[in-house]
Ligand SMILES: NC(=O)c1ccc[n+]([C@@H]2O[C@H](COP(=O)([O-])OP(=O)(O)OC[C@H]3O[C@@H](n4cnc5c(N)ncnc54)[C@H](OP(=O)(O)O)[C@@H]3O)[C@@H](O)[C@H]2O)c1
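To begin, one chain is listed below as structure tokens, in the form predicted on its own.
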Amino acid sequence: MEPTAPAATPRVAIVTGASSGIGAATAAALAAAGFDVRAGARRVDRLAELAGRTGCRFAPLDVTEPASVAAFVATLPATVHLLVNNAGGALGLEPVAEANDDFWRRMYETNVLGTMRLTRALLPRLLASGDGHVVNVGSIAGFETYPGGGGYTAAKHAERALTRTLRLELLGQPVRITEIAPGLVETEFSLVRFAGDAERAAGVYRGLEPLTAADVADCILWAATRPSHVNIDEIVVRPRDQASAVAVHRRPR
């Protein structure tokens, strides 16, 4: 009887902002596909629940705090194969004339500097894998604008520029770079944007069928499981009821 070959070591995947929404769905999808998932977020109780469901490992992570990033990275193995920069979000919907400095600063810190910090810290480990992959969860707000969205669209435009720059800088290196740009996804996104106003948040999705977090996670998983010579530069995914940031079909009540 031929000896059984040892099982391949699972690929290590890091998911930020994994306590809810797209991050939690992505961590679950990757774990189900056999990745060794390491999840990070601020809400550790949510991460513990995610770990109980998926078997992933977790540690607290605030991507806006360099010390938190360093502590999180210290818990990770020397080789990392996949980094999903998902932590982000929007705050407020005020016009530029009424812009909130703190909101804009926090959006830039999370969406742009947070992505930069994790990518910078983990690039050596991604390169060491010989087959690394960075997936940045952007938004259609990275290439469209809309009234009231100045702070968020500015941050997402910057994150998109970071992603495209990284693709150029790593050309010839064994690391793939992908941007996932969703349209309307029903998660806690709008609830956070409107400071917990559930009625206003629900109105964003009223009369249409938005994407789910699982829909976006499916895109991430697909991109991450292509052959290593195949780089999915960008996936733009919207619900059928959305043609642009401002063109949305709503069915009458």
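Model, not experiment: these values are computed from the prediction. Start at 1 with the first residue shown and count on from there.
Omitted from view is the form predicted together with the ligand, to which the following refers.
Heavy atom of residue 201 within 4.5 Å of the ligand in the predicted complex: Residue 201: no contact with the ligand in the predicted complex.
With the partner left out here, check for me: in the predicted complex, does some heavy atom of residue 132 sit within 4.5 Å of the ligand? No, no contact at 4.5 Å.
Does the 4.5 Å heavy atom contact test between residue 208 and the ligand in the predicted complex come out positive? Residue 208 lies outside the contact set for the ligand.
I'd like to check something about residue 42: if you look in the predicted complex, is any of its heavy atoms closer than or equal to 4.5 Å to a heavy atom of the ligand? Because a heavy atom of residue 42 falls inside 4.5 Å of the ligand in the predicted complex, the answer is yes.
Within 4.5 Å, heavy atoms only, one stretch in 49-57, 28-36, 180-188, 221-229 touches the ligand in the predicted complex. Which? The contacting stretch here is 180-188.
Just to make sure I understand: among 32-68, which residues lie within 4.5 Å of the ligand in the predicted complex, judging by heavy atoms? Residues within 4.5 Å: 41, 42, 43, 61, 62, 63, 64.
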